[in-house]
Ligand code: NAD
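Only one chain comes next, encoded as structure tokens, the form predicted on its own.
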Amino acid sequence: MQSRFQDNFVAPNLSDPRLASKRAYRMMIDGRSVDAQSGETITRESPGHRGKVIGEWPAGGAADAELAITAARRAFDTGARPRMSGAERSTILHAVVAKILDHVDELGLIECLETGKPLEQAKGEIGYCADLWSYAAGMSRGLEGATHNNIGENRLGLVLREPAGVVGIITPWNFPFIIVSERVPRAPGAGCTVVVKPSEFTSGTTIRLAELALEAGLPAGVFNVITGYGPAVGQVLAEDPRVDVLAFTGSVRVGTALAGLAAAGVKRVGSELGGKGPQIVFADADLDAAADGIAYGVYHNAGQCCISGSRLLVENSIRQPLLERVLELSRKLPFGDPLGAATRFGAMVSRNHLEKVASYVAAGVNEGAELLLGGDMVDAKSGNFFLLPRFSTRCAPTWPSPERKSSGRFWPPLVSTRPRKLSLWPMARHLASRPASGRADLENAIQTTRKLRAGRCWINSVIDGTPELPIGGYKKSGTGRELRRFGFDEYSQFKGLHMILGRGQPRFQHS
């Protein structure tokens, strides 16, 4: 069996030629590359290479958001996109796929340097995004409503699918290209226009995607990108009545605030608010496979993943041998320089985030958590944002609650709790909000997932995905669904059309 993890720290190479130059970006509004009206910019240093500025983009604000919304509204109300045939939409989306595939190396490098994730992971994500666009391109040609031919001899009913209008999309910093690719192709695929606000940390690939889409034939005004800090732009997208749908991915706190602003205008809101959950391992598991899945589930993207399995629930009979296997993999995990060929665990996104995570771990240890691995920041004196992978037992009271995803919980520590009087199954059902992992009896695993109030589960896998399956949350993990056909439904309106065939019976008679 080939494991995803091997040996240790990969020191940053500041002389790497890929760090030699800074990329300058501009926003995309109405098919034109523009600066912020204020003239202000945001510079981005690579989180794994202190002092290396790798990107600069406009610090857009409310006035820029107003211009982008105007462009998107005009493109929807008077432009060609909503009136294109499904075949025309599909052709353009397929052309975007070709552009993405032609630029995998470029886009992967940008994503790596801005997020701090390993280069090979970033390039793999770009390839996966091409598949997301390809699936949307094919499905956009087959979108349909419904007919009802059984509602009466002289009656016929039609359900018409229509584009919802202008869509505001706000994306986070951890998977910028994936999350924009989960949403954007379905909105124009359904006939909508979009205004995207990416994170101020990781705006480069979203801007490049909009530029490539324009080159591929997507009409001006259909795909607009505003860069800058969140509050001003996000509030405009939530409150402006010209925006028909708001799609947000991020924290519960911000998502709740935006939904409140949107509610005043009865605006439709789709949200993915995360909810890192447990990995559940039953006694019949293949321990080597389970350990590898557990390590991948918590350390992927340096733990900065809303679907990470940061809690581990294990039946007591296999607990000790499984923990030993996970510890061994964790000790050998190659981490450090995002550009390193062997790196599997890159940098944290910012110093503030790094220090916040480290403070939570320290507070937990002070209050009784047993730290089995890790304990300090790595290469901190050099100013790089590396955190040694951590593994502990007995979660402490000060650690953030499982129900809340904040920057404090976007972390790589893995916490394993020991079932006591409760059997594993009731405890798992009570705590679980995400994946099941390990090679377990299939019936046991399926019956477990059927009872979980969670939008996405895995059996014998973790952090896996495909365009054919929906994503979305239960409870405070969010509302709405993306991918498959459900993603198109998020950006569609459905109109009932009732018809009487022939003259029909009089309904109101004059005496």
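Note that residue numbering follows the sequence shown and begins at 1. Everything numeric here is computed off the predicted structure, so don't read it as measured data.
Form predicted in complex with the named molecule: not shown, discussed below.
For the residues 163, 275, 278, 118, the 4.5 Å heavy atom test against the named molecule in the predicted bound form is passed only by 275. Proximity to the named molecule in the predicted bound form, taken as a non-hydrogen atom within 4.5 angstroms, holds for one residue of 269, 354, 254, 361, which is 254. The stretch among 217-225, 312-320, 150-158, 164-172 whose residues place heavy atoms within 4.5 Å of the named molecule in the predicted bound form is 164-172. Shown alone here, residue 79 lies farther than 4.5 Å from the named molecule in the predicted bound form, counting heavy atoms only.
Interface residue remark: residue 344 is not counted as part of the site for the named molecule in the predicted bound form, having no heavy atom within 4.5 Å. Although the partner is absent here, residue 204 sits far enough away that none of its heavy atoms falls within 4.5 Å of the named molecule in the predicted bound form.
A residue is said to contact a partner when one of its heavy atoms sits within 4.5 Å of a partner heavy atom; residue 181 fails this definition for the named molecule in the predicted bound form, lying far away. Along 236-272, a non-hydrogen atom within 4.5 Å of the named molecule in the predicted bound form is carried by 248, 249, 250, 251, 254, 258, 272, in order along the sequence.
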